[in-house]
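Starting off, we have a lone chain in the form predicted alone, written out as structure tokens.
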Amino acid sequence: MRIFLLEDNELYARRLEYHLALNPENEVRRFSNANSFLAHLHEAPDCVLLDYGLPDKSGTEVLKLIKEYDAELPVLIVSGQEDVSTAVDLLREGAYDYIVKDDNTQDKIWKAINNLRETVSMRKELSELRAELSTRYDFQKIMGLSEEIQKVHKLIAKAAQTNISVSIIGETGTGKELVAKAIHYNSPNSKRPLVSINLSAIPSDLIEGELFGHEAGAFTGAHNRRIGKFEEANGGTLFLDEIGELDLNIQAKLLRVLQEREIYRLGSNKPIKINCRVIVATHRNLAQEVREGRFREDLYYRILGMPIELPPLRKRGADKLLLAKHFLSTFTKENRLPGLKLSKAAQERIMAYPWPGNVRELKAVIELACVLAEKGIIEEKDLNYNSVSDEMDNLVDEGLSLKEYNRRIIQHYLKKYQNNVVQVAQKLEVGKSTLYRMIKNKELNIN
């Protein structure tokens, strides 16, 4: 533990230094005046032993300056005064402990330092974790050199500087959640929680409870109080993924929360103030959803904030190969595999393929290729694409009639969306009755 000792009595300071240094894990550094000590505060001590009576500043002044610099740094006040009111005032100002100078001072300090060890250790771990998260989600690591992705980098940097709401638009697999994390962990809220919820993965009748929480007894099975995602994210960031899937009833309640900045748990009439940044994401065209009456216009403008549109991988040119090599390098290192290279044919195929699953699909294909590859080379045959995607990719080569093209495209999306006729109708912008008629006439197969 790194201990800074601020004591103007040199003899007494040497005695304390000797006593603390009996533990080889302690590194003690002495200072005789406040100005010298403050000039070295940036060297990050684990705790401070502060003499209350200094020649150039009072202990109270020094304590305040320390807390302004680092509110979490533990400070032990060592004083010749036994005035209880002074001790109470200093503890209120944030001192960790107040120790009176007497015959047992050294033992008291020794005990206090030992009690601090676990707290200091946890503080270091938390600091390292925050630094790791900040590095991990550095937006420059959203890889790409294309003009489209460079525009995204600039927007992320601007969004991170303020608390503006952000809407992220992009196809599935383009990295919307990664962008949300990059914004949060590079913003002033980075030390507060980032809470994510995928709204498409939750049944509509449960979403309200997930977002706003509930009291015990609010509904059958609600045995205990539970806080919602808004309360979890208080002071930080709430990421609402696939917001376009919300039904109109929940949209109205979400709008009220965003306007009033307060929520009501299910089963309660007591308002709870919330203060969190909201980032939303969707693969839908929300403006089109508004025009067609499936999304509230007032909510649309409330959440729009700074829109960031993520380009699909097929429009990112050479980024496809850059990302492929990155995923290859990462996977081989994580799994302690020998170095691999992409053959020329494999590279050409990666560049030519449209990647309907975007970056997520590319990552999965490359990782499987790393396992299948032989002799240190990933060949074209090692790149295994989704069979449905291949079907759509090669459809234009079959010389079909327009009617058959339409049928095959609809059949593809029925399979993709597990025969959800309503979702397919919305995706392809065709009437539900048309799809039901085709199913009835056995033009489509939903088995």
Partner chain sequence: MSDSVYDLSQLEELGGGDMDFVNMMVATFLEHTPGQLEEMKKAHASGDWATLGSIAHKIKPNVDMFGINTIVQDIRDLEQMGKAGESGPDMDSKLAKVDQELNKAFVALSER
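If you superpose the two forms and keep the largest set of C-alpha atoms that fall within 1.5 Å, you have the rigid core. Predicted model, so just to flag it, every value in this text is computed and none were measured. Numbering follows the first chain given and starts at 1.
One more form of this protein, predicted in complex with its partner chain, exists but is not displayed; see below.
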item: Its partner chain contact at residue 423 in the predicted bound form, heavy atom, 4.5 Å; value: no
item: Any non-hydrogen atom of residue 436 within 4.5 angstroms of its partner chain in the predicted bound form; value: no
item: Its partner chain contact at residue 429 in the predicted bound form, heavy atom, 4.5 Å; value: no
item: 4.5 angstroms heavy atom contact with its partner chain in the predicted bound form for residue 23; value: no
item: Heavy atom within 4.5 Å of its partner chain in the predicted bound form - the one residue of 329, 204, 106, 163 that qualifies; value: 106
item: Answer option from 94, 80, 188, 193, heavy atom within 4.5 Å of its partner chain in the predicted bound form; value: 80
item: Members of 1 to 20 lying within 4.5 angstroms of its partner chain, judged by heavy atom, in the predicted bound form; value: 8, 9, 10, 11, 12, 14, 15, 18, 19
item: Threshold 2 Å Cα movement between this form and the one not shown at residue 110, rigid core reference; value: yes
item: Exceeds or equals 2 Å, Cα of residue 56 between this form and the one not shown, core fit; value: yes
